[in-house]
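Below sits a lone chain in structure tokens, taken as the form predicted alone.
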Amino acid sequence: MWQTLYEELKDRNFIVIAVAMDSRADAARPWIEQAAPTYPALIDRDHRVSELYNMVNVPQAVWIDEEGRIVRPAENAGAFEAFRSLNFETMTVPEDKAATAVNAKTTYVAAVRDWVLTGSASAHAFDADQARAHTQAPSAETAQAHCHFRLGQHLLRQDRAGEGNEQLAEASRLHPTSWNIWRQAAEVNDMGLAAGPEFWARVNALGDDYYYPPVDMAGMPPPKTDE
């Protein structure tokens, strides 16, 4: 998706920078190498991008214009929660949910394209006040969580697994809505994904809360209260 869009718009001063939020470089690298993107693809082992832009899950995106201004703060990059309706016997999701997921992704990509082609005139581009209103300032607990996370990563690299994992657990406790932090201490499957029983138990514990909060964009799936 992003490779196709980049190839289409790269001559319009558009670039994609993909960042894997994974402290285990060996888990992210095979996926990057298989995709073979021609735009920069980085691995942020210390989650500095998450900390700077308040990213709590993947995929998320931030739109930044040629002047370095944040046009749209961190938001779900066309993701939808269809996977929460997964039938584990058939390993399929209901057709309506699957269709909504496809539409959400298509809508988001079309919005990026429109912004690249029309700039600040795009209906999807926030002005400074709108961007500020959509930005969530980190709490003291969130800032402290990132400190614990970074310390935990340092300890793990020093082969001090017990202490490192304690720091990761504390980071996740302080910032429970960050799936990016939680995944780093979670068990991974053969594909390097934190998608086992522990993941599903945590997803199910959300209840009516969102895994992917709605995006404030015309054409995107509405909040549950409006469905």
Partner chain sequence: MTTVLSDLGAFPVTASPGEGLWLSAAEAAMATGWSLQPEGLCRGAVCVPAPSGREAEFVAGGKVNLAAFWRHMDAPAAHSKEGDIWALGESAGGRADSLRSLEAPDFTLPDLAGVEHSLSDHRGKKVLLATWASW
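Numbering follows the first chain given and starts at 1. Small disclaimer: the values here were computed from a predicted structure and weren't measured.
As for the form predicted in complex with the partner chain, it is not shown, yet the points below apply to it.
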* Is the partner chain in the predicted bound form near all of Ala20, Asn54 and Arg160, within 4.5 Å of a heavy atom of each? -> yes
* Would His148 count as a contact of the partner chain in the predicted bound form, using a 4.5 angstroms cut-off between non-hydrogen atoms? -> yes
* Asked: Does the 4.5 Å heavy atom contact test between Tyr210 and the partner chain in the predicted bound form come out positive?
  -> no
* in the predicted bound form, Arg48 touching the partner chain (heavy atom, 4.5 Å) -> yes
* To do: Indicate whether Ala140 is a 4.5 Å heavy atom neighbour of the partner chain in the predicted bound form.
  => yes
* Asked: Heavy atom within 4.5 Å of the partner chain in the predicted bound form: which of Ala110, Ala131, Val93, Val102?
  -> Ala131
* Asked: Can you name the residues of 52-71 that have a heavy atom within 4.5 Å of the partner chain in the predicted bound form?
  -> Leu52, Tyr53, Asn54, Met55, Asn57, Val58, Pro59, Gln60, Ala61, Val62, Trp63, Ile64, Asp65, Glu66, Glu67, Gly68, Arg69, Ile70
